[in-house]
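Coming up is one lone chain in structure tokens, specifically the form predicted on its own.
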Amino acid sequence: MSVAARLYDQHRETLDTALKAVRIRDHWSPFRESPSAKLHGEEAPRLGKSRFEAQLGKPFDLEQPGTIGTVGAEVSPYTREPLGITYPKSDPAALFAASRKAMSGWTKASVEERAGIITEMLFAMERNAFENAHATMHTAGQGYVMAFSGSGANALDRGLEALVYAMKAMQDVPETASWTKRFLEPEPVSLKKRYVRVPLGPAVVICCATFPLWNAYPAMTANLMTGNPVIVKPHPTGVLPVAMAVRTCREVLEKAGYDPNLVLLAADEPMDQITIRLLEQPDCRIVDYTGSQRFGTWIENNCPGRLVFTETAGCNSVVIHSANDFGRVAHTVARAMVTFAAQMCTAPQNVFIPRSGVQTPDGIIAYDDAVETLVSAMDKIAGDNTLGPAIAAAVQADATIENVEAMTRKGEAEGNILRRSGPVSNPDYPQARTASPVLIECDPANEDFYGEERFGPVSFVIPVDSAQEGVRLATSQARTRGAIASYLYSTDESFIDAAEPDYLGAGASVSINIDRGMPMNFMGAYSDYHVTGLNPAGNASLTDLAFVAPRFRVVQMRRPG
């Protein structure tokens, strides 16, 4: 039995269960989400940290084709010190040549063999979860627990989800068929048909700075599963987590007897980025992009002949009509705004509150009181010396702080500053780049200010004449500017029913009355469809069949038989 066949047998139960999970869409995961030593043993956290620290200040151990130098410009958002790691700088043409060559052997592997190898990659990456958590912390700025899950179990789940969708799409195409039809002749015509699933070609996976692997893993597995080699382009300030994943994939491929150049790293530096040069290569056939809406739109409009999948940015809204417990709602919304300094693509930005106040079982909470409750909840979370640094984490880039400052100045001129941003004290990392949200009250007519994504800890309260007006504005912005996640709070089912068509028409997924037990903006693999592809926040969804099926085509052979 080949290594690939053995790996498929080893992981068959996991694959079958994952396929069942995407059908019933309930919670399930084969990966461990918590970094608790009770789950992993006392030594695993310490060893992971020591392995991360051992990489600092050294060349990253990765051999690649076409190396023409080294790059490395990462600076920890927690220590403000350079990581000092250098990575191979590869010529784009050489990467594609190696990628195309590696593809020939991979296309001969069966669907099951590919599935076994790629699943083994995911479990191999889980074994590096603690090391990867520190790598993600000190590049993306995530908190330790979020980094462990966001670049660990949650990201791996998305990778496995895309894998089984791709496996399903390919298995739905039979390899052979017998066909018979009677024409004018007395004898029927019989044909033997063979169907060959042909991959499009090399894919470029472009990662973002703040969540380097959450979108990368599903793009990588979808491409590899459908037979396409992958060139992974990390953000130049967040190379390490991606480089670790690439190295692991290459090791698994080599052990299974396949060319490791099926997975390659395209590292660069902020002042010499190579993304466009990669996309211009004639052999580039697929592009998976996560990042700013501006560049994502450019890719969608300027890459003819490429299959493009994007997840960019959205102007996420909260509309509050009524609540059974407004204090709990305010805390839930505030926590989502503070979490990771609102650098998550699902973070709420705009809160629409009726001028007449919020309806509750105990009476109406006046608008000013509702705003004060929201501000107080933000202050309490950000000011908690234990909770604050764990939740707010660190701000990935200086540019985000500059954006907060610019929006504050604009808010002073065009709105009302309800809450000013400030650093969040972190005793473990006193030099950390941190910020709690600025909260700006803005006139509903000033949509040019609040009606587009303002990345980072920048939030708005918009007083509206009615919650219905809030829904209209929120969904209009989703339709024209994009929205990845929308939120609605109401105890009135008739109001919710009336609002639903507006969200559907905007292609805006909406969470209703999420106020306990979980973060309002958590997205679960195998269950949540992340991004709809129906508004400017992205053209693809994690994960559906449309995300995987276009990555291969079917070529048929027919002959009498």
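Quick caveat: nothing in here was measured; it's all calculated off a predicted structure. Don't overthink the numbering: it's just position in the shown sequence, from 1.
The form predicted together with a further copy of the same chain exists for this protein as well; it is not shown, and the discussion that follows is about that form.
For a residue to qualify, one of its non-hydrogen atoms must sit within 4.5 Å of a further copy of the same chain in the predicted bound form; all three of V196, I512 and S527 qualify.
Though a further copy of the same chain is absent from this view, in the predicted bound form it lies within 4.5 Å of a heavy atom of just one residue from D272, D465, E185, D362, which is E185.
P174 belongs to the set of residues with a heavy atom inside 4.5 Å of a further copy of the same chain in the predicted bound form. a further copy of the same chain is not drawn, but in the predicted bound form it has no heavy atom within 4.5 Å of L39. By the criterion of a heavy atom within 4.5 Å, A397 is excluded from the residues contacting a further copy of the same chain in the predicted bound form. a further copy of the same chain is not shown here, but in the predicted bound form it comes within 4.5 Å of a heavy atom of L504. The stretch among 73-81, 248-256, 206-214, 163-171 whose residues place heavy atoms within 4.5 Å of a further copy of the same chain in the predicted bound form is 163-171. In sequence order, A546, A549, P550, R553, V554, V555, Q556, M557, R558, R559, P560 are the residues of 546-561 having a heavy atom within 4.5 Å of a further copy of the same chain in the predicted bound form; the partner itself is omitted from this view.
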